[in-house]
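Take a look at this one chain, the form predicted alone, written out in structure tokens.
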Amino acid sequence: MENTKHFDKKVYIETMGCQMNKSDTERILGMLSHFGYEQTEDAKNADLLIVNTCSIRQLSADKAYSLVGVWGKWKQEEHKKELEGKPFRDIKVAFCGCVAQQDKEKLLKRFPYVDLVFGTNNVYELPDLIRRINTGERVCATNETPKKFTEGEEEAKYEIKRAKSLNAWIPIMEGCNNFCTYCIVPFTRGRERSRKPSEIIDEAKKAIKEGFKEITLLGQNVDSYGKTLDKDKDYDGRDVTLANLLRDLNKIDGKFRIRFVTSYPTDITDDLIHAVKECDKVCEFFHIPMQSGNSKVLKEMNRRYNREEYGEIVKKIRDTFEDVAITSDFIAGFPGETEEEFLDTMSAIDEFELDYSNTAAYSPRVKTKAAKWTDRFIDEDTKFERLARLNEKNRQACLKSNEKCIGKIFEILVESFEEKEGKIILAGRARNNKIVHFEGEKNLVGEFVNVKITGASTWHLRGEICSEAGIR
């Protein structure tokens, strides 16, 4: 179907979970814009309601179920109007993302008002799926075998409707081969597969031309990029690695930044560290999930490193960069975790001077190995008590990290502003991803400015604009 650009219907998407889901949403909106759907921020005004789901934790899945339940009531109200001969909207409800890929037809049975379930491997079938549900069919499309990025290039037919921000999310690979015992990603996103470098570079150039000031490269294990590609066929004989991709992206003209997430510890090579060092547009920021500070628990999680090896990687990075930020992820209450093993996680945050960590209580996921260890599950009270202590440790680490920045000058990309007590307070990010608040003018949003850090709180820095050059 041709791109009509005539919007006669509205679509609302609620996006949950990781940056990959946000990127999928941008691609979904881009496709739908070719088929008469215009995005709305008002769910009650939408003809098509989509929830893009995350299945990492049960809480996120439960939020999606609750939201769809509300939408189902709206749909019933519209159906009642139809029966009464009153004007009505033919609302369609769709589930997508990782919960859709995991639960499949179960969602159609559980929610009789859901019209469409489509998985992570079926995003580019959406135009046909929408046509089918608009004829009254209820559809479940959740292929088990992911489509390779290099097959068909269906995505090239449609624009990406990016969120209004300064940062463009660019997926460079998808899937995971690690099968950590707690993680459902290999089952919902499939095995690792990488996009061709030329496609990524073209998408990055387009984003920069459209005015984006940062590009963030996405992947479940972003630093294992390229392993499914052929260097002779896909990259002019060069090794297809994240390091080489960063070098090529760094050559694109313009003032912009490059970030990448998420890194798997043992996939961070010396060459990658060198590439970040030598490329002036690549930010000094590494997100490296550790998950536990105890080597025995790490082995039971099927992580391919121990505490000492993780520490060696962190040291190598810190020895290379002056103002690098290293963030992590941790799970509290993994099956069988003892109090002593949990305390190793607490001490790891201090020992490795982690700048910030995402934290969560263990949540059993269907199909994963750890979910079967029911006799080893930690009781809920203990699990969430540990999480509370972990969050407090994280808070202390964040404050300590921020206080080290006082007196330094950072280059800040201004992202937003608010008026407060007659002043314009700007907010932006340093290259190491720290958030900085400072006084300035509205027209600086989208610009790079040098800011001297004058104060620190737990979650952000305070500063003032200065003329001196910031730390690169």
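Everything numeric here is computed off the predicted structure, so don't read it as measured data. All residue numbers are counted from 1 along the displayed sequence.
Below, we turn to the form predicted together with a small molecule, even though it does not appear here.
- For the marked spot (Val276, Ala325 and Phe410), a heavy atom within 4.5 Å of the small molecule in the predicted complex is absent from each of the three residues.
- Heavy atoms of Asn122 never reach within 4.5 Å of the small molecule in the predicted complex, leaving it off the interface.
- Shown alone here, Thr228 lies farther than 4.5 Å from the small molecule in the predicted complex, counting heavy atoms only.
- In the predicted complex, at least one heavy atom of Ile56 sits within 4.5 Å of a heavy atom of the small molecule.
- Heavy atoms of Ala388 never reach within 4.5 Å of the small molecule in the predicted complex, leaving it off the interface.
- The stretch from 123 to 131, 109 to 117, 357 to 365, 79 to 87 that comes within 4.5 Å of the small molecule in the predicted complex, counting heavy atoms only, is 357 to 365.
- Proximity to the small molecule in the predicted complex, taken as a non-hydrogen atom within 4.5 angstroms, holds for one residue of Phe352, Tyr182, Phe256, Tyr235, which is Tyr182.
- When the small molecule is considered in the predicted complex, only one residue from Thr262, Asn394, Ser295, Thr216 comes within 4.5 Å through any heavy atom, namely Thr262.
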